[in-house]
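What follows is one chain in structure tokens, specifically the form predicted on its own.
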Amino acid sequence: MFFQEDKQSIIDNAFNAYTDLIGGKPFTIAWAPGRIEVLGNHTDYNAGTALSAAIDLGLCFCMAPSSQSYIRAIAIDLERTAYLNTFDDLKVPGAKWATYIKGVFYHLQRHTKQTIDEVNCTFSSSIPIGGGLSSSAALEVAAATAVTSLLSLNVEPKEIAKICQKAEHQFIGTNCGLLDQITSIFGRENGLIHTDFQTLEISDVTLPPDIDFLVVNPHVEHNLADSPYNERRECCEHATKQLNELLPYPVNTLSDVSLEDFEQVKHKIDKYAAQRATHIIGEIDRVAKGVQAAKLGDMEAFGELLYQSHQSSIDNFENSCPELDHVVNAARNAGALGARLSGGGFGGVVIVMMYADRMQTVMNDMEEELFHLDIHPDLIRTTPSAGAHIIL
């Protein structure tokens, strides 16, 4: 079982570190949560749809002006300090975490035409790094939320998500979609958000009050920039071009293709392109079915869609791994409503959905089965939570 620091402890860590290591008190304190992707795997950059939730693990970012002509950032949990500027687009040597911050500030500065410099920052997080809960997006969003508040920058929330995405593309090299940033910004308590990535329309999806989620981290660390993530995206783009030549209507993204039409022509495109597209188009269909199941309160049907999604990750997108597959099987054997890998894959975490009164039984049964497979995961009970906000 994973010991989860509560939100106030994380805020206290960041605040106390600021006063101890920098001196004085922060002018602004921002909070941004991690996220779970519930349905809609890799659909964001294919202009599809997804169901996701912000969670009660998050990152606290403290900030105040300084008299020094640079930005000082202190990663408390890593015990690291970096000095950066926003006047070039170079990575911060040996500090990927600081490069995320620099990328966000750099693109915010270009967007607002207002200089971002001469500030001190500290941050602390309860989100496991490399655990598939989007610690990177939480850092981006928290940094953006803090600096826009401190400098009174007028930037719309959806624009902040795009700026954070642009920073990740250019500075980190991960051609991510917008799911992580959107969820961290727009998360809601006790519910999911449904995002259409073609229109960026966001709506709430209510879940029954007796539904809980478990995040299972089997400690298969992933790094999307070093994984086949970008290759999968390129394969989706290739499938889009091929389908555009086969179907009687314009296909600009895979979200333009109905499942029925795809089934008629998928044998005519490249094998791997067809596999990847099968996953994406199927996921978009599963999201639609999930929204409907949630409206009807049919959590058994909703949960089965999670299992189907994970099987497609194995068969079609090939972004799972044996440890994640074992966790999903253990969840099914323990009687969970549904389970699937969450996020980019190639490691990371599994989310498990169940009725709240079954939580302890499911956790015990899963731990016992996984122990015999020499898998010793962290199991983190989590609750859909509010999105990024200013605390001070």
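Model, not experiment: these values are computed from the prediction. Quick note: we count residues from 1 along the sequence shown, nothing fancier.
In what follows, reference is made to the form predicted together with a small molecule, a form of this protein that is not presented.
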Within 4.5 Å, heavy atoms only: does Phe186 come near the small molecule in the model of the complex?
no
Is Tyr45 close enough to the small molecule in the model of the complex to count, meaning some heavy atom within 4.5 Å?
yes
Please check if Gly344 has a heavy atom lying within 4.5 Å of any heavy atom of the small molecule in the model of the complex.
yes
Should Gly40 be counted as a contact of the small molecule in the model of the complex, where contact means heavy atoms within 4.5 Å?
yes
Identify, from the list Pro228, Gly177, Gly282, Pro218, the residue with a heavy atom within 4.5 Å of the small molecule in the model of the complex.
Gly177
So which stretch, 81-89, 177-185, 120-128, 308-316, is the one near the small molecule in the model of the complex (non-hydrogen atoms, 4.5 Å)?
177-185
